[in-house]
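Shown below, as structure tokens, is a lone chain in the form predicted on its own; questions about how it binds or moves come after it.
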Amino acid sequence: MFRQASRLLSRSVAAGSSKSATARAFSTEVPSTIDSTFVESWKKVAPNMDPPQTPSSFMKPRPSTASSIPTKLTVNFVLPYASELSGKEVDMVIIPATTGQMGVLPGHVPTIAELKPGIMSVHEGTDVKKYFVSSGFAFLHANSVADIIAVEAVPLENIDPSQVQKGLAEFTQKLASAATDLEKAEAQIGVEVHSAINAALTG
């Protein structure tokens, strides 16, 4: 009896969920509606104040997805103090995501990826521009636009290998002599960043 009851319950739940999933529209697809009765009542109580707006009033429709995949990827690469790339059309971008190196081509599935210290390369024909990024996020949109935000970024050719080796040695020594958790954490970050830069230069 209990088995039969559980089967009937699971069927009803599955049917209800599938029905609601097919009938329910996305919030951005629901048109903004204004309750005229509420607006009239509001004007009677507070004629000198505009009626409050609901969240649906501020929603914008989803950007349209192209029927065909574009031939180029549009990249916006922004730092807190500068805009490195703005609306740049390229063939591909490879970003250092926390899950591994991620190649982004036109038509990439919409994704939000966290960046780790590593190399970001921008491919445009036979030209490849490489940056070392410390951290940040990449927002990949359905319309083949990639918004990449990094805390720090330096063109790879502007990095002095000798200074990287010097910094790596200093932070390694600080990590070995750290007395507090804060000192260990700061030294560990320094070691990881300088190790990533060194690997990018030597690799």
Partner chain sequence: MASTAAVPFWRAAGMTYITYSNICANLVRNCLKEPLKAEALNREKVHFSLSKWAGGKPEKPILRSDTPGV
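If you're wondering where the values come from, they're calculated on a predicted model, not measured in any experiment. Numbering follows the first chain given and starts at 1.
Just so it is clear, the following notes concern the form predicted in complex with its partner chain, a form of the same protein that is not shown.
- At the 4.5 Å threshold, heavy atoms of residue 163 reach its partner chain in the predicted bound form.
- In the predicted bound form, no heavy atom of residue 179 sits within 4.5 Å of its partner chain.
- Within 4.5 Å of any heavy atom of its partner chain in the predicted bound form lies no heavy atom of residue 40.
- Residue contact check for residue 195: none of its heavy atoms lie within 4.5 Å of its partner chain in the predicted bound form.
- The contact residue chosen from 169, 46, 151, 69 relative to its partner chain in the predicted bound form is 151, the criterion being a non-hydrogen atom within 4.5 angstroms.
- In the predicted bound form, every residue of the candidate spot (132, 136 and 158) has a heavy atom lying within 4.5 Å of its partner chain.
- Here the chain stands alone, but in the predicted bound form its contact with its partner chain, taken as any heavy atom within 4.5 Å, falls in 114-122 among 99-107, 114-122, 85-93, 69-77.
- Using a 4.5 Å cut-off on any heavy atom, the residues of 176-192 that reach its partner chain in the predicted bound form are, in sequence order, 181, 182, 185, 186, 188, 189, 190, 192.
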